[in-house]
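In the block that follows, a single chain appears as structure tokens, in the form predicted alone.
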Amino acid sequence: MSVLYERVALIGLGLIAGSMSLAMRRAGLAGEIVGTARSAETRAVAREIGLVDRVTETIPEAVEGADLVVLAVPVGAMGEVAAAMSAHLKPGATVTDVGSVKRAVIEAVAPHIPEGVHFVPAHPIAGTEHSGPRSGFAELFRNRWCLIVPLEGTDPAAVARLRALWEGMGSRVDEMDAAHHDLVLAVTSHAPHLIAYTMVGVADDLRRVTDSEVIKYSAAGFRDFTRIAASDPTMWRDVFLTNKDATLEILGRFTEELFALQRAIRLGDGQHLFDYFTRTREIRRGIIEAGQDTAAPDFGRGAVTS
């Protein structure tokens, strides 16, 4: 694989950016990878472990001369970062992001993108419950989808180049408009995360079940909820605040389904429960057949080496 971008700037050095750096290095996709982060501690760790080729103290230093700038910060911070880098972007450069909400990111970032710079929003649908500069690993994106959300009038060559980067890091790539993206992710990610947070919170509230029992006797279902609920709280706070409409729509539908199941249990309607669980089981089988599952129960808990 040949170099696609001579210099890549990563703004934010957590799980996604760190994994991108490792994946780009392994595939030889970038000439130089520069990174920065708001936290001095994060920058120090990134330097210590050699996560990128060069760590800078500020955003303007990081983006100077960069052919690709990746915004890998919480959605709520995107606008502030875009404003800080705007005057320092190289003509012809591409700016992208990895946020799991797209309409809010476009509204926050697009006004700060100068003429002659390409803005191509994206969202790699990959992650673990871990965060920080030590959490990345090169295989994170392998066989996982990355959704690219081009704005109207975007240079097709800039989109194709970014697509080639994500494919070079192992992703399967698709394109989608921003509004549909936010609805799809509300179904597949945002609402499930909120439900997981709620279930873990319910267990914490049930004082008849002790903390030690919750920890010792966690069956697979609750254990998976706790993994999801361990995700970065800043990131998920911003996701729900910025994808409010789509998330509330899906949660409304979820509430209706939950009421129907409550009624079936109350009335002893076994046929309704059996039919419902049969239908949902088929969705699980479809996920497995599509290759979007992993056999490893500890997936994401440590760096994977090839």
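Residue indices: 1-based, along the sequence shown. Since the structure is predicted, the reported quantities are computational estimates derived from the model, not experimental observations.
Below, we turn to the form predicted in complex with a small molecule, even though it does not appear here.
Task: Location of the small molecule contact in the predicted complex, chosen stretch of 195-203, 148-156, 111-119, 227-235 [non-hydrogen atom, 4.5 Å] - done: Checking each option against the 4.5 Å cut-off leaves 227-235.
Open item on the list: Looking at 85, 186, 73, 169 here, can you tell me which has any non-hydrogen atom within 4.5 angstroms of the small molecule in the predicted complex?
Closed with: The option sitting close enough to the partner is 73.
Task: Answer option from 47, 38, 253, 272, heavy atom within 4.5 Å of the small molecule in the predicted complex - done: When the small molecule is considered in the predicted complex, the option within 4.5 Å is 38.
- [ ] Kindly indicate whether 33, 62 and 92 are, all three, within 4.5 angstroms of the small molecule in the predicted complex, using heavy atoms.
- [x] Checked in the predicted complex: no contact with the small molecule for any of the three.
TODO: Considering only heavy atoms, tell me if residue 165 and the small molecule come within 4.5 Å of each other in the predicted complex.
DONE: Residue-level check for residue 165: no, no contact with the small molecule.
Open item on the list: Taking any heavy atom pair closer than or equal to 4.5 Å as contact, tell me whether residue 138 reaches the small molecule in the predicted complex.
Closed with: No.
Open item on the list: Even though the partner isn't displayed, in the predicted complex is residue 107 close enough to the small molecule, meaning a heavy atom within 4.5 Å?
Closed with: Residue 107: no, not in contact with the small molecule in the predicted complex.
- [ ] Considering only heavy atoms, tell me if residue 15 and the small molecule come within 4.5 Å of each other in the predicted complex.
- [x] Residue 15 belongs to the contact set for the small molecule.
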